[in-house]
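For reference, the chain that follows is the form predicted on its own, supplied as structure tokens.
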């Protein structure tokens, strides 16, 4: 085979990496984000204010942190619908610890620890007992939030110390919040983990065919268990940030977070069937969801309309690839 023949036989994405990058899903998300940013600047005179843009970051960072771990889990072929309930339970336990005089480091440890334990419980049920993750996490979604309601009822925990509140309200420099910096650091860590490590390649292998991965020597159950623990970890971190930002704990906290986190993941190009996706896409999708919801908030659009938009967006993003594939087959 000649060099010319070999060159022509290469796939487009290898033959022309620049063309592949320009035509990628991530490039489309960048264009969408820029377009929404421009529309928001025309829709509201307050949008381009530096402090308004800072408030924008609070609008999506907590959900986006969960989406980072959720992306890895969905790529592996699993899902966790209990993340919002984990936040509620972790926040409740932090409030309970506060009543017994816990200091800030202890409160943070309690929130993150409860998140990890809940994630490990989900992981054990899925990998240990071989139960479907969607069924397990629907059950634990009710279980975790139910425990929070039993402890709190219609009451709330308040009086968190200023040092704890800084995690959700503090700024690292000028208008750059601690939440935003933490999200960017976590995004970089997850990007390296998924795209530059053997562990990440094994996640893709499991998502494409877990049986083949198992026969190839990949410890499928162990990796899936770790991914559920990571999702619990990020939910615990989100619980710390959200509780610190609100300054109080209620059993209804974080309702609907699971829907927005999954929307960010799927909009970011992660296949809902597993085996494909990127962290960069998830980061861009989180920014888009944040821009849209923040823009609607500036226009005083009711929260229920935002929920309808998020649900509709999730359906459209899942349906479009299927419709496109059907159209190509017919063509």
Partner chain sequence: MNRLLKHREIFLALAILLVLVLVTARFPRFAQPGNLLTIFNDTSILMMLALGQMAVILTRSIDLSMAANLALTGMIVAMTNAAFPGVPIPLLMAMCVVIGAGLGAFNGILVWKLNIPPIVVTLGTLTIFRGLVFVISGGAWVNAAQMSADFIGLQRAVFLGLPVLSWFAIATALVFWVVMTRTPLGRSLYAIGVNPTASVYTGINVGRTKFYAFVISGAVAGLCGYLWVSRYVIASVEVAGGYELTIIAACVIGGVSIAGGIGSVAGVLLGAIFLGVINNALPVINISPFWQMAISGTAILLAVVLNARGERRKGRIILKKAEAT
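Numbering follows the first chain given and starts at 1. Everything quoted here is computed from the prediction, not taken from an experiment.
Beyond the structure shown, there is the form predicted in complex with the partner chain, which is absent from this document and is the topic of what follows.
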So which stretch, 86-94, 109-117, 235-243, 149-157, is the one near the partner chain in the model of the complex (non-hydrogen atoms, 4.5 Å)?
149-157
To verify the annotation, which of these, 79, 254, 227, 206, has a non-hydrogen atom within 4.5 Å of the partner chain in the model of the complex?
79
Just to confirm, residue 134 within 4.5 Å of the partner chain in the model of the complex by heavy atoms?
yes
Answer for residue 129 alone: is it within 4.5 Å of the partner chain in the model of the complex, judged on heavy atom distances?
yes
So in the model of the complex, does residue 279 come within 4.5 Å of the partner chain, heavy atom to heavy atom?
no
Should residue 69 be counted as a contact of the partner chain in the model of the complex, where contact means heavy atoms within 4.5 Å?
no
Can you name the residues of 137-175 that have a non-hydrogen atom within 4.5 angstroms of the partner chain in the model of the complex?
138, 139, 140, 141, 142, 143, 145, 146, 147, 149, 150, 153, 154
Closer or farther apart in the model of the complex, the C-alpha atoms of residue 34 and residue 318, for a change of 3 Å or more?
closer
Work out the direction of the Cα-Cα change for residue 325 and residue 272 in the model of the complex: closer or farther than in this form? It's 3 angstroms or more.
farther
